[in-house]
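Just the one chain here, the form predicted alone, laid out as structure tokens.
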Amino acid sequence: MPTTLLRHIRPGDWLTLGLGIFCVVFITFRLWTGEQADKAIIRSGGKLFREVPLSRNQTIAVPGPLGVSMIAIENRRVRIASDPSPRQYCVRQGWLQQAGEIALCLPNQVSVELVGSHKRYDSLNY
């Protein structure tokens, strides 16, 4: 049965199929790979705590209502290394390295957002 179907595919069909596959791969790599992040914006209690460049390895202690969250910056990557929140979701999120990525520790009201040279949007509202 499959060989019967292959007989009916013409050269133009193969060209269309190949072009479609190329477009899907191109769009995937173009849109799903973020740009390199330049700095991290750290917030505590909904207010800006500090903006730090990713060019220097460091550990930052951020106070929150439950205690202190530790944020680690290594090799242009950021992660929340420890947090007093009960479920540790933000710690388990791991390393962030592309602009637009964010880690939230909601019980302790601490967040880390990576930003690059251009502001990207998740969605647009109007």
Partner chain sequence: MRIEDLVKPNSHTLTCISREGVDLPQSSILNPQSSQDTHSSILLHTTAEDHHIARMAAVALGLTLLEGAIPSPLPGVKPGLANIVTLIVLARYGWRAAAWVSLLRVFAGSLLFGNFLTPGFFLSLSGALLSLLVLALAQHLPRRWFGPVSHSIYAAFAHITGQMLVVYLWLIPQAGIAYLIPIFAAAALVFGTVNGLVAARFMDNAETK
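For the two forms, the rigid core is made up of the largest set of C-alpha atoms that agree within 1.5 Å on superposition. Here the structure is a predicted model, which means the values were calculated and not measured. Positions refer to the first chain, counted from 1.
Keep in mind that the form predicted in complex with its partner chain is missing from the display, and what follows is about it.
- Contact check for A99: a non-hydrogen atom falls within 4.5 Å of its partner chain in the predicted bound form.
- Though the partner is left out of this view, L104 does reach within 4.5 Å of its partner chain in the predicted bound form, counting heavy atoms only.
- Heavy atoms of F49 never reach within 4.5 Å of its partner chain in the predicted bound form, leaving it off the interface.
- Contact check for I27: a non-hydrogen atom falls within 4.5 Å of its partner chain in the predicted bound form.
- Annotated contact segment (heavy atom within 4.5 Å of its partner chain in the predicted bound form): 90-98, selected among 61-69, 90-98, 76-84, 37-45.
- Superposition on the rigid core between this form and the one not shown places the CA atom of F26 2 Å or more away from its counterpart.
- With a cut-off of 2 Å and the rigid core superposed, I9 has a Cα displacement that reaches or exceeds the cut-off between this form and the one not shown.
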